[in-house]
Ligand code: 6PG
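A single chain comes next, written as structure tokens; it is the form predicted alone.
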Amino acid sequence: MTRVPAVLPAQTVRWHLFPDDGALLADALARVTAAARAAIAQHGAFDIVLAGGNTPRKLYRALRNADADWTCWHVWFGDERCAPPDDPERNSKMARDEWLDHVAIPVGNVHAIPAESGAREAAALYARELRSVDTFDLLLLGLGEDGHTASLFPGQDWGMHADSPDAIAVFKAPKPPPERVSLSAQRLSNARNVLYLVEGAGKRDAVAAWQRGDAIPAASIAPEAGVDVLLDAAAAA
């Protein structure tokens, strides 16, 4: 049953406008590395949740050359397509190719969603694995043209309720493949820092809907510290 509440949780949003994608990328890179240093200094580890998409792809490529204590990084994923592990459409495959296979993050610190097992089983398995981390240090998210984030799509259950599981099975995604796994809005909201990366004119309508208070999935992620949205000029126009 689809359960999308009429009233979204209160979300604090800080909008950051950049003239182009290069400036946006530089700021995102600085934010990620600063969050990592702070987390490692505070509790000895850095738990980051990755997003898919072209803008994160460029960020991951840039992270190859970052000065970081990779042994303390733990990598999680906000969502995944149900496909074999080496399918080019997999978020984990893209992250490995662009970044993870090029740095010294221990293999055991990369927590891919086992989406090849099918949405329902993979969601249950990943929810179990997520018990090892309480609050994420940094969450990276994108914004779809329809307002979706991770694999939380309009008209579907976003997992915003107190009894929502940490990971949810998605069977009718409006873009292929239809079967996916996503962290729930409630679990995604359990983060110290949330960073949306948004670029391109195709995102203008979704940004406008978000800013006027429409009930879109991106507005359902509501951590106590608020969210930061990095926009290029094309997306914000």
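Please read these numbers as outputs of a predicted model, since none were measured by experiment. Start at 1 and count along the sequence shown; that's the residue number.
Heads up, the form predicted together with the ligand isn't pictured, but that's what we're talking about next.
Note on the interface: of 68-76, 120-128, 144-152, 107-115, the segment with non-hydrogen atoms within 4.5 angstroms of the ligand in the predicted complex is 144-152. In the predicted complex, the ligand lies farther than 4.5 Å from every heavy atom of residue 92. With a 4.5 Å cutoff on heavy atoms, residue 55 counts as touching the ligand in the predicted complex. Of the heavy atoms in residue 187, none are within 4.5 Å of the ligand in the predicted complex. In the predicted complex, the ligand lies farther than 4.5 Å from every heavy atom of residue 37. Candidate site formed by 31, 64 and 96: none of these residues places a non-hydrogen atom within 4.5 angstroms of the ligand in the predicted complex.
Residues from 202-217 that approach the ligand in the predicted complex with a non-hydrogen atom within 4.5 Å are limited to 203.
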